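This document opens with one chain alone, in structure tokens, the form predicted on its own.
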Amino acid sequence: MKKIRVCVVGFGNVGREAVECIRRAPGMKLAGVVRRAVGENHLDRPMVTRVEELGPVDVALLAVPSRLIPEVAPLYLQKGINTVDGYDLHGEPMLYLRDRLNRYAKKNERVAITGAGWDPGTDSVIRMLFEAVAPGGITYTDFGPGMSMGHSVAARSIPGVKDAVAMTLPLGYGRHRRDVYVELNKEADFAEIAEQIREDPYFDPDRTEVIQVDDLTPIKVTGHGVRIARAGSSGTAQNQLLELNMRITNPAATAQIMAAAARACMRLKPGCYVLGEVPPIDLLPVDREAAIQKLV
């Protein structure tokens, strides 16, 4: 069977892990890496600035900051390449992106899967399943303690910030605190930058403390976690409690889900999908009958 040719766009923490996930994935072949500037290349595959230099590509894994995806994904869809991204904003931004990419995907007869990380992503699927089991009730999602990649990137994007690490600290029942550690450029005003971080849409829903440090190296730990709990009712039963507890290495988990979604996108009709719309069985590296025999 012909292997799916996948390229990785971006070569940060998630991009590097995505390369390794594709290497290990049955039925996939790494076409190469696309990045803004090509430095030293230790891969045995090309690293380029234009996807056209890689030859035929079936799927592009977009390992770029979430705020770039609305502009980057359409460029690949217009080239006839399916896209998978780990967009990590919830609510209205996600709905806007899904609608935008849906138009490009259908026009070019391609497939886009957006929000294919772990939250939004696999956690979203778990929340859907929990609500199916207990339709009446409420679900709480508590993240951390751990480093949030999306929040860290958002803090780094503020002028004057040399580097940043945003830690998510769960307060319980879906409420969180953010501790943001920043290294600043010499001319930067700490008070002004701290205010910009607190007002950023990534941070403004939560209590946020900004701490200036000289060296972020000891703080850069990519472990993270989540607890999803739903208290609800099923039929006449009012005492249903469903829970998921997970500890992960953030970039590796995100990249692995994106690689699985790259496999699934080859089976979908043109359009844009969130992970909850993708049959879970299509994420697996075996045919459907084998998966059913093993897992059902």
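Each residue number is its position in the shown sequence, starting from 1. Please read all numbers here as calculations on a predicted model, not as lab measurements.
Heads up, the form predicted together with a further copy of the same chain isn't pictured, but that's what we're talking about next.
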Just to confirm, with a 4.5 Å cut-off on non-hydrogen atoms, which of 54, 28, 257, 264 contacts a further copy of the same chain in the model of the complex? 257
Among 156, 90, 198, 220, which has any heavy atom within 4.5 Å of a further copy of the same chain in the model of the complex? 90
Heavy atoms within 4.5 Å of a further copy of the same chain in the model of the complex: does residue 237 have any? yes
Could you tell me if residue 41 has a non-hydrogen atom within 4.5 Å of a further copy of the same chain in the model of the complex? no
Find out whether any non-hydrogen atom of residue 12 is located within 4.5 angstroms of a further copy of the same chain in the model of the complex, and reply yes or no. no
Contact between residue 146 and a further copy of the same chain in the model of the complex at 4.5 Å, heavy atoms? no
Please identify, from 158-166, 105-113, 127-135, 176-184, the stretch that has a heavy atom within 4.5 Å of a further copy of the same chain in the model of the complex. 127-135
From first to last in sequence, which residues of 273-290 have any non-hydrogen atom within 4.5 angstroms of a further copy of the same chain in the model of the complex? 274, 276, 277, 278, 279, 280, 281, 283, 284, 288, 289
